[in-house]
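Listed next as structure tokens is one chain, alone, in the form predicted on its own.
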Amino acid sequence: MNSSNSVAAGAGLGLMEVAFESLSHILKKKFQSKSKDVVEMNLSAAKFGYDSVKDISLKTTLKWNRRKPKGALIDGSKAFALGALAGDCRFASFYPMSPATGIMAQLSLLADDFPLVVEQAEDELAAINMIIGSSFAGVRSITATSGGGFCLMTEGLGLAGITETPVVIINAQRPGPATGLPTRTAQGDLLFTIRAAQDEFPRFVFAPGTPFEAFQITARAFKLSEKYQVPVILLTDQFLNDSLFISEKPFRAPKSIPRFTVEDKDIKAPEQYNRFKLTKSGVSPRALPCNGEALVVVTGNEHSEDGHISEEIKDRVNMARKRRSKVKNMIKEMKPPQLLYEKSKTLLVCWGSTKGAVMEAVEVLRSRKMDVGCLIFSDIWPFPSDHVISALEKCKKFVMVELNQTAQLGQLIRELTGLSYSDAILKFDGRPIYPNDIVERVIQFI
């Protein structure tokens, strides 16, 4: 049996001058289900690595005090998977594409213990069409991909839009068009995501910034998708998916799962059921096929209230307006961006995974007596214009911090509020942004 990892762990902790007892405790716990010989072998290997570096002294070492862990160690991929379960997801289909594959791998590991089916499709087109089909039948469903795969899914996204079928899609962004940098991080798909697929139809777009937010927002995505019968797209990236975070807040699933479908008993005249009945809210009663007298008729073409294909001007206008009318209530579901140090003269504005770096940079800048705060977006579309205006009108200037070339969120803010950013800190080399990157640039601006 190979115990090289234990040797490496011993050497690494020895260089950092961590007491060997700490590693011994971890190894005993790790191998507690194994035989006594396996435990002793790994302890011996770790001690060998630890002793082999005892004469090497580093200029800087860490001070270690044993204490109770602050929280759970988790990466974004696992958090998204757990959030899907918390949202009552029962079906997941995907085609492998980094950096999204880890999410589906985590769901696959959970499939034996939960009422969940995970299917590897032949390509991204099949993956999204499979979740549209399962959702049409009433099963909460999800897929995850990266930018190139999301491009292939746009026709299916449009099908979900016109048939008003709820689906949840995770787009784990990567840098560059085409294959780009498959194992690097970026935020270049925001504008594409909110406009993807031809013509116009409503959707939600969210961008969590931490594993805890990934868990919460994913669970929430299933509820909102089904409530408004629209697609929900979650934007993430390699940094959030693959980095390890300490989450101090417990991950808790909701005690109950609200459902937004109807049965015959809920319909006054099931034999006259119209899947796309015109309503003030734009949300029609959604019956499931083969589940009673209500006949569910759906097509990918434009249609009349009963779901049959129609090219009548009245039907086209009615359906377009019906879908659009959902947005008024969808905006009410949007949470305002997180605002820290709201009275600051300068605000750093960011979204998604840059959250941690921006928050840390703000604390460093304020420790240097600089009047800087931040505005952090997780709920992006429909755009919460009123919340954004009220936050940004109070500051003298705001600076965008994004992992793309053109400050895509900054463009969106300017388009929808008329407010323009004064400067932008942009990084697009595929590497995450660090607090020092931000601090150094802000010092130049102020």
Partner chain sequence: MLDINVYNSDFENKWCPGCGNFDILSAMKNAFVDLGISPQKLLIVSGIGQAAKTPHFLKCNAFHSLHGRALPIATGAKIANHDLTIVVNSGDGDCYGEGGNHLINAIRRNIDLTLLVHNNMVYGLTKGQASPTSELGTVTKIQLHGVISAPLNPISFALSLGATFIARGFSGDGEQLSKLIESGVTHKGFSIIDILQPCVSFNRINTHSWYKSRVYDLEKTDYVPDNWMRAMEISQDWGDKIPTGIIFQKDTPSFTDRIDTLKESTLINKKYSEERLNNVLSKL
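Numbering follows the first chain given and starts at 1. What you see is a predicted model; the values in this text were computed from it and never measured.
The form predicted in complex with its partner chain is left out here; the points below concern that form.
- Contact with its partner chain in the predicted complex, defined as any heavy atom within 4.5 Å, is confined among 81-89, 365-373, 96-104, 227-235 to 81-89.
- The listed set A320, L339, A121, I267 contains one residue whose heavy atoms approach its partner chain in the predicted complex to within 4.5 Å, identified as A121.
- Of the listed positions (V262, I331, A197, V139), a single one reaches within 4.5 angstroms of its partner chain by any non-hydrogen atom in the predicted complex, namely V139.
- In the predicted complex, its partner chain sits within 4.5 Å of a heavy atom of A72.
- Under a 4.5 angstroms non-hydrogen atom cutoff, its partner chain in the predicted complex lacks L278 among its neighbouring residues.
- In the predicted complex, its partner chain sits within 4.5 Å of a heavy atom of H308.
- When its partner chain is considered in the predicted complex, G292 lines it closely, a heavy atom lying within 4.5 Å.
- No residue in the set F150, F201 and Q216 has a non-hydrogen atom no more than 4.5 Å from its partner chain in the predicted complex.
- Residues of 229-245 are not found to place any heavy atom within 4.5 Å of its partner chain in the predicted complex.
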